[in-house]
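Encoded as structure tokens, the following chain is the form predicted on its own, with no partner shown.
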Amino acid sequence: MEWMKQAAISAQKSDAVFFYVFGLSVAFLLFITALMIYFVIRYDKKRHPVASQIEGHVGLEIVWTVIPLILFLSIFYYGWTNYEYMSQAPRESMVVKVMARQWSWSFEYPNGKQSKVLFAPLEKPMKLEVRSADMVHGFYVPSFRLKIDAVPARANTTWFQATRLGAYDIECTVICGVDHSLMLSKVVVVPEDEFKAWYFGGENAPEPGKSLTAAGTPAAPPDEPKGLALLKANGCLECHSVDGKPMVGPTFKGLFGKSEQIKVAGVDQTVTVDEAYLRRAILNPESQVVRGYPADTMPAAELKPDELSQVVTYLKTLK
């Protein structure tokens, strides 16, 4: 049946444990309900007007202790073996580094390519090394039944092997701040040849599954400034606003020409935001951290010289 065709091996493993526990629960529900009805009828007051004291039964007590213990251990063993299986990725897996930060996900592949969605080839295992740049987040792909915590200063690993083409939601399961509900991305599963064309195709290779990643996303206005489009494409507006709204990073509105207190090599300085400052902040953000904002959270943007100039030009217009 179509609904039984799971999207990933991890889903099959998790569902097997779920249905095992669910089946035991239903069986015990029916058994206990039947016993309850039997006892209500068997020991009705009309049949036993005078209550009698029932002494303990050692054999019965052993049975109702040992059987639940065995069932509990079987559930634990079944769940543990599947958990262990999902924590040990096959040797041929492609390793992808997953970085979580308020409030976005980013993915880095072995050849250095980065993306805001996780591209995955069909029927090929992928190992995820999940980290956080700021606080605890929860990496969760509901369709894959795949969940693992993203913790600062530590890499947690898991893996999956997609079995169906399509785009599948990625969510954060840990309340991580005001825009927690917007911390979304997708796993885009594409044919292997399409993935290879993107992976080995250089900087200008088209992204795989473009129709899937673009589904439901409004088209950019034709008169949208190129600098703004680049900020969106590189995920900058997930931490910075252009309208003065407070976010995890400083707002871009009114930034150019403003005096900022920054920390350089551990020393506090006051500088005026000019073009040189903006270029340094974009290409090497950790070299000058604005006072009052967290360090080690902003990744260096990968922009070509002309793209960097377009971004700086746009930022200068945000008065």
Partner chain sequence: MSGTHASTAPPSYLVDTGTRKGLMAWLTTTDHKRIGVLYLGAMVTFFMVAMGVGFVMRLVQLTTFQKLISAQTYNALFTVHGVIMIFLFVIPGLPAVFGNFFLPILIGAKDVAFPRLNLTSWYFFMAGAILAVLSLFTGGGAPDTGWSFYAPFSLKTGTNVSLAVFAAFVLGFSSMLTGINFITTIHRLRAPGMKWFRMPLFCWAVYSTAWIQLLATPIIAITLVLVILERFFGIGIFDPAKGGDPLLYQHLFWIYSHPAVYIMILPAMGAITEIIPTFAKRTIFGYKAIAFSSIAIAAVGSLVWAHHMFTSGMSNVAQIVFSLLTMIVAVPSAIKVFNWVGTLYKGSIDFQPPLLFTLTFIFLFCIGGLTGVMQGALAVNVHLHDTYFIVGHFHYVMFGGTVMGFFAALLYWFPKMFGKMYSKKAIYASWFPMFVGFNMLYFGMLILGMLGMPRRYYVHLPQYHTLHVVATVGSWFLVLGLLGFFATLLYAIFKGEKAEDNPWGGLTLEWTIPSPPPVENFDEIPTITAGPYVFPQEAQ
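Residue numbers count along the first chain shown, from 1. Small disclaimer: the values here were computed from a predicted structure and weren't measured. Under this definition, the rigid core comprises the largest set of C-alpha atoms superposing within 1.5 Å between the forms.
Only in words, not in the display: the form predicted together with the partner chain, which the text now covers.
- Interface residue remark: R145 is counted as part of the site for the partner chain in the predicted complex, having a heavy atom within 4.5 Å.
- Remark: V50 counts among the residues lining the partner chain in the predicted complex, judged by a heavy atom distance of 4.5 Å or less.
- Residue contact with the partner chain in the predicted complex: V40 places a heavy atom within 4.5 Å of it.
- The partner chain in the predicted complex is approached by M36, whose closest heavy atom lies within 4.5 angstroms of it.
- Heavy atoms within 4.5 Å of the partner chain in the predicted complex are found in exactly one of 89-97, 178-186, 116-124, 192-200, that being 178-186.
- Within 4.5 Å of the partner chain in the predicted complex, a heavy atom is found for not a single one of W159, A233 and F256.
- Only one of the listed residues (V242, V130, V174, C239) places a non-hydrogen atom within 4.5 angstroms of the partner chain in the predicted complex, and that residue is V174.
- Residues D134, M135, V136, Y140, P142, R145, L146, K147, I148, D149, V151, P152, A153, R154, N156 are the members of 124-160 with a non-hydrogen atom no more than 4.5 angstroms from the partner chain in the predicted complex.
- In this overlay on the rigid core, M36 has a C-alpha that sits 2 Å or more away from its partner position between the shown form and the other one.
- Relative to the superposed core, A51 undergoes a C-alpha shift of no less than 2 Å between the shown form and the other one.
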